[in-house]
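Next up: just one chain, as structure tokens, the form predicted alone.
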Amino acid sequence: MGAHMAANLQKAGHDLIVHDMRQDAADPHIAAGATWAESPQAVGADSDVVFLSLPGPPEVKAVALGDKSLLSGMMPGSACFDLSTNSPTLVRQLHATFVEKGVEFLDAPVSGGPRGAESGKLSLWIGGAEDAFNTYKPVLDAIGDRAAYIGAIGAGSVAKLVHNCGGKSVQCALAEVFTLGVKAGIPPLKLWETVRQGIIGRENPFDSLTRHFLRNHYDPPDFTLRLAQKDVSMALELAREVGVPMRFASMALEEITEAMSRGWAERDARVAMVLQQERAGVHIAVDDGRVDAAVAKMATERAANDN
């Protein structure tokens, strides 16, 4: 990821100073005109803005504050963007330490994977000082095509963890239901081709949040909770018949059944999501106009990106 992002910065005409635990990892950038630095400290001493792309919190902390640390070399007025997927707690701690020296520290996790990093089709979610984001927005645009300011320090990391944890949870649930379908007799590719054309297959799961969950609108229903209970119950009956364990679906049925006990049977099936809000102690209800505007903006950006 870091190699591709550094290459795109060079292609955009930026002068790079690079450091890695293995100098051979930096050889292609050096060959393209980058300067090698012997330590994070040396990178900070000669850079206006620094980008970190590291495996996780321990590595970020070691580079930022460890031996020959990045911070010890950075000058007041400079900035550091952490592109790693990091702990919101740690980035807030680092931000406080960096700001004491007059250096901005922003969390800037990326989404798009290695292919996105190489092609520049990459989202960057920035938390920290908005003026620093605005100052370096042209540099961020050389890394990815969707650099967005999310909010205060840590906000970018929170958004990234929500995104990744949601994606992995969906993957596990899909593995569960697909093994059910295959064991019940449908060839895997035919099963995918079939369900991909259904209502869930045709839309991004995050997009579905805009119709009911974000608005806190569950009446009138698009699909009732009563019918959802029926369908999930029948899927679990099939699973028992063919011998497929269904942990995620079983938990889903428990949620639906609890929501049914509230008297919500004829409300939209997504009303079961309110139970988690209650457990978490949050209430989500965004004004319709704001949701509609966000949906329209997203559609416009996608259309422009596709073109």
Partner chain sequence: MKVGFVGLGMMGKFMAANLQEKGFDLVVHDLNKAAAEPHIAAGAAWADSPKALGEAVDVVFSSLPGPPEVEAVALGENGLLAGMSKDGAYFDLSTNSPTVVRRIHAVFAEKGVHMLDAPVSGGPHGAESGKLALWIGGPEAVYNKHKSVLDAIGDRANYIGDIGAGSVAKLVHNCSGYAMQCALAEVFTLGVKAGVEPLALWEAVRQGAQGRRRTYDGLINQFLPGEYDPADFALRLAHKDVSLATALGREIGVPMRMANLALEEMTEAMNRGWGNRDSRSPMILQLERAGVEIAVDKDDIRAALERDGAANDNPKPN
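Given the structure is predicted, the values throughout are model-derived calculations rather than measurements. Positions refer to the first chain, counted from 1.
Note that the form predicted together with its partner chain isn't included here; everything after this is about it.
Within 4.5 Å of its partner chain in the predicted complex, a heavy atom is found for none of Ala31, Thr135 and Val139. Across the options 204 to 212, 97 to 105, 68 to 76, 127 to 135, residues that bring heavy atoms within 4.5 Å of its partner chain in the predicted complex belong to 204 to 212. Using a 4.5 angstroms threshold between heavy atoms, Arg22 stays clear of its partner chain in the predicted complex. In the predicted complex, its partner chain lies farther than 4.5 Å from every heavy atom of Lys11. Its partner chain is not shown here, but in the predicted complex it comes within 4.5 Å of a heavy atom of Asn164. By the criterion of a heavy atom within 4.5 Å, Arg247 is counted among the residues contacting its partner chain in the predicted complex. Residues of 70 to 106 placing a heavy atom within 4.5 Å of its partner chain in the predicted complex, in sequence order: Thr85, Asn86, Ser87, Pro88, Thr89, Arg92.
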